[in-house]
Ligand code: AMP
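Okay, here we've got a single chain as structure tokens, the form predicted on its own, with questions on binding and movement later.
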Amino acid sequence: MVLGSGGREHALAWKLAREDHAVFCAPGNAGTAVLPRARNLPLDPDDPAAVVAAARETGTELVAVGPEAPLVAGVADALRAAGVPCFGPGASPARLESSKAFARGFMERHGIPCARTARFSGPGAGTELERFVAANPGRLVLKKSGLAAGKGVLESDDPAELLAFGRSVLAADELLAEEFLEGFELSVFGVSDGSDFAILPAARDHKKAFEGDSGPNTGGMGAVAPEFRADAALMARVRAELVEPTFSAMAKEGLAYRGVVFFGVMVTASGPKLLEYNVRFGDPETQSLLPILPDGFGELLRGAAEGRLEPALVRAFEARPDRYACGFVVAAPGYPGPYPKDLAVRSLPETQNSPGLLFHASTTRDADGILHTGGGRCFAAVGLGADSARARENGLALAAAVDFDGARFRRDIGA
């Protein structure tokens, strides 16, 4: 059973169904509804009792949690208590994503390289922030501590913009202010069974809304995999300096972890530094990464959930793929600001005989069979190829063939 309705969950269900597993998608979307060997279930994935009941009723052997909200709500804890294997951490380790303040404290306690950070909360925080901004001219990064769907971050060197954003966050949450790190970003995924782990090939997300990496942050406008700069030497440093210390520290703090950790990494001139943790697969990186991974993905998830990652499987999934993927998110007009929902989709590209895939995010079909959008990021068009240029060309062609009012995508993904 795959919990969630986004493009990441469509990709997970597609990969598992392709390996001949029967898959329940809860609740799924219009794309998962037509996958062979898959079936949508009308279920609230954030309701632990409902998820446990559905797993028992359907005879589900493994639950894979897609988004972060069910993990924070304790769905994985409830499933394990009921004897149902779950790929995803419990609510306690899920704080590594649900609270950036907790995550930053965890990094600092264990000497994991990260940006210098100041925290602001409570009465007088606004005044403290004013003094901090005045004392630190230049570019800063402000972050909302709680969940923000990838949009609770501002990078700016404009004091007025920083203070306005900071005050809006402080009205309801804790605020983090970080030094601005320069370099290039990597998305690294470590799959853990509680003692051993596998590091999947690195991908690269594109967070900014518009071409040239401009505009506000989004949940992600596209991703390439594998990232060409993540060579063996760099990945060895990421393993030794970020991934191994993280899983070792989790064990020391009693944060039993069976699932995947997303390591948001900035590769600086002095080496890799950790930007953030997520406690689930990234979106849209998953849509680009899964199509180039070997078969056996279902067994990888099962092994992690049951505490028994097989060394041969770890080696297979850590190997660099021999093909490339480039994914383009097709978004609703206005995203990541206010955007219309329920837009009728006039046409989609045919992917059956093309070198690419199209993943849906929260789409639905009405009683007349007409497809409708359901969110800000509506589709991920993923091109595949023997080299990155061919993958990019194939992805562009797929994205351009998605037709609904105001559909837009960044054409420079992977350029």
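Because the structure is predicted, anything quoted here is derived from the model rather than measured. One-based numbering along the sequence shown.
Quick note: we don't show the form predicted together with the named molecule, though the next part is all about it.
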Could you spot which one of 179, 196, 318, 231 gets a heavy atom to within 4.5 Å of the named molecule in the predicted complex? 179
Work out which of 108, 155, 211, 253 lies within 4.5 Å of the named molecule in the predicted complex, going by heavy atoms. 155
Hey, in the predicted complex, is residue 258 touching the named molecule, heavy atoms inside 4.5 Å? no
Quick one: is residue 141 in contact with the named molecule in the predicted complex, heavy atoms, 4.5 Å cut-off? yes
Is there any non-hydrogen atom of residue 115 lying within 4.5 Å of the named molecule in the predicted complex? yes
Although the named molecule is absent from this view, report whether residue 217 comes within 4.5 Å of it in the predicted complex, heavy atoms only. yes
Non-hydrogen atoms within 4.5 angstroms of the named molecule in the predicted complex: do 100, 207 and 275 all have one? yes
Taking the partner as it appears in the predicted complex, which of 275-283, 71-79, 157-165, 236-244 has residues with heavy atoms within 4.5 Å of the named molecule? 275-283
Heavy atom within 4.5 Å of the named molecule in the predicted complex: which residues of 45-76 qualify? none
